[in-house]
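Structure 1 and structure 2 below are the same protein chain in two forms, each given by itself as structure tokens.
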Structure 1
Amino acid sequence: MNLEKLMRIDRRLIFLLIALAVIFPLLFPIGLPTHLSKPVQDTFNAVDSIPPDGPPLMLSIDYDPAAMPELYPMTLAILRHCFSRNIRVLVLSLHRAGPGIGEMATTRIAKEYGKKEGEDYVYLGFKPGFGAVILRMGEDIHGAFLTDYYNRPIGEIPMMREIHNYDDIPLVICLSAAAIPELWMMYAGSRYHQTIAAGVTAVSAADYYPFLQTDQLVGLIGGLKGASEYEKLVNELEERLGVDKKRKESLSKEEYEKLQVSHSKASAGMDSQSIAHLVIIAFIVIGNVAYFAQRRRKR
């Protein structure tokens, strides 16, 4: 084979092959297995240890629509985990593009599980200032957020009467495509000893491993792979708790199947992920062989 030609391969051909590697497994699923990783299991366990109807999990939706393919399935899975175990949730956003996503996810899952706004969950909305907001909440959440997302004064919300600062929050999960989990560790973790877990895009996952080793993070969900693992854990939990059985009985077959698909959105993408990775590995190998062969010939 002409190696010169191989080195000058039209990049559009690579794009096409990657597109095909993604599309085909979505059309014809293979069902490759998902292995559970410890950081995801630890996150799941941390959420699971929160007592039902007790102090809430704080879920910070700190990402924009560009990160939705990876982080939105995580958001849905965590909310499903909480609501299926009757764990209350306090949702907020420190990212300016996050409030719409947070509301969409929270209202959708709350409706699915019949949860009441203000009692089972509260949506605080967005507040700019990152570190300043995190620090302020350590003193008084009511001072950081005067109203919730729907402009209701915080003091009038039943669930918020017992929640004042991080002493009343057993766990914070920050879902972010940027460095916002670091701010949570810096200000809420170091200053107020708040327990923190993070859900991040795969790009930044490697950055956060050192914080797992030092227990500054109790758990980490990384990228679509992490989301699919969490999804799997929640689906198994719902089966154990009988939530799935109840849902099957109360919904029509079509509705139930549709819901099942939406509950496995991240897992459905994992076949495409694996095949696309194989294609990329093949290109890396071919590219390197061609490069070194060319270099040797030049010598």
Structure 2
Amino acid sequence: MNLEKLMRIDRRLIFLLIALAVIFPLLFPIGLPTHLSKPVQDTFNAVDSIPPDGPPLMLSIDYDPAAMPELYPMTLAILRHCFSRNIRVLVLSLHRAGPGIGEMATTRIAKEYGKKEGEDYVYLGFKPGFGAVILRMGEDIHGAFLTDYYNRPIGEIPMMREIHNYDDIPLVICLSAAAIPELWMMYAGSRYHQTIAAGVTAVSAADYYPFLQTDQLVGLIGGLKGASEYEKLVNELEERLGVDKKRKESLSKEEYEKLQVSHSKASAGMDSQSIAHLVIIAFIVIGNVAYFAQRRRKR
């Protein structure tokens, strides 16, 4: 009788348990251990090696809203890393759906760290053309982008006066759910010897490991798992630098706790994903045990 019940579990109960497994860790993060991978650590080290108030990191936001669950957390983590160490950032997008996402992330984190647009970061916005734009920036960024996202002439932006081409950019990070990192490697990397890292979705991460082995990529952040690893590194950095302590002293308890939750979105997402996978595995095991036990009983 018990075996019969196990073989006929109401699918609504399964859906309910999966929903709870997904939602609960997002609302109440469990804090499952995060083990660092070398490609993510290498990406972090490449960003961390850029001197404060020196040449800027170039961040290319090349994904659409469908990829945001995996790529948006790593976007926020990279911007937090830069702004916590006073590394300037030059943000752009080669994907037509990327400009709004890029502006939302950049302005949000810049406001949190008190950074000024035009001095601490510049948002160039969208430019169509992929390879053509990448090649043109290798010669002259001012020629590729005549104005920034807010239609201000590039020459009038204080930060851009000393930035002309890839010689002034120590690192480019492309975040994409498509093959755009390959264009950066082909045109900026091969022709101009630009150092490049990439952040991609989990399903496409395996395609980029050969580029790590050939040193065409200096680092790789793969999917939500990679985002949670980078997030962990940034949280540890801010604790060492005293950024977290200053934030705690300047904010109310409620504001601080809310900010801490927003700084652990990728980790909470991994908690949710891991628990959901465990529930699915449990049902698979239960189903198989019941099936084979019932078959053996019939024999």
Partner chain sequence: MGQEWFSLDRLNVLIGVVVYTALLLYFIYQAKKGKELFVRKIAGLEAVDEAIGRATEMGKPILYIPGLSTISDVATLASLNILSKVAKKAAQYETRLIVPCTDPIVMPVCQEVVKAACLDGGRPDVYREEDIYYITYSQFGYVAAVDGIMVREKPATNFFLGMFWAESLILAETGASTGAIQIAGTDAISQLPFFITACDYTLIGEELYAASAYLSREPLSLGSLKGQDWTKLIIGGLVLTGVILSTFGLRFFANYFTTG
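Numbering for residues begins at 1 and runs along the sequence of structure 1. Remember, it's a predicted structure, so these values are computed and weren't measured experimentally. What we label the rigid core is the largest C-alpha set whose atoms superpose within 1.5 Å from one form to the other.
Each of the two structures shows the same chain on its own, and it is structure 1 that derives from the form predicted in complex with its partner chain. Listed options 270, 217, 126, 157 include one hinge residue for the rigid-part rotation between structures 1 and 2, namely 270. Two rigid parts move between structures 1 and 2, and the turn of the smaller against the larger, rounded to whole degrees, is 28°. We note a C-alpha movement of 8.7 Å at residue 13 between structures 1 and 2, with the rigid core held in register. Relative displacement of the residue 30 Cα between structures 1 and 2 on rigid core alignment is 3.9 Å.
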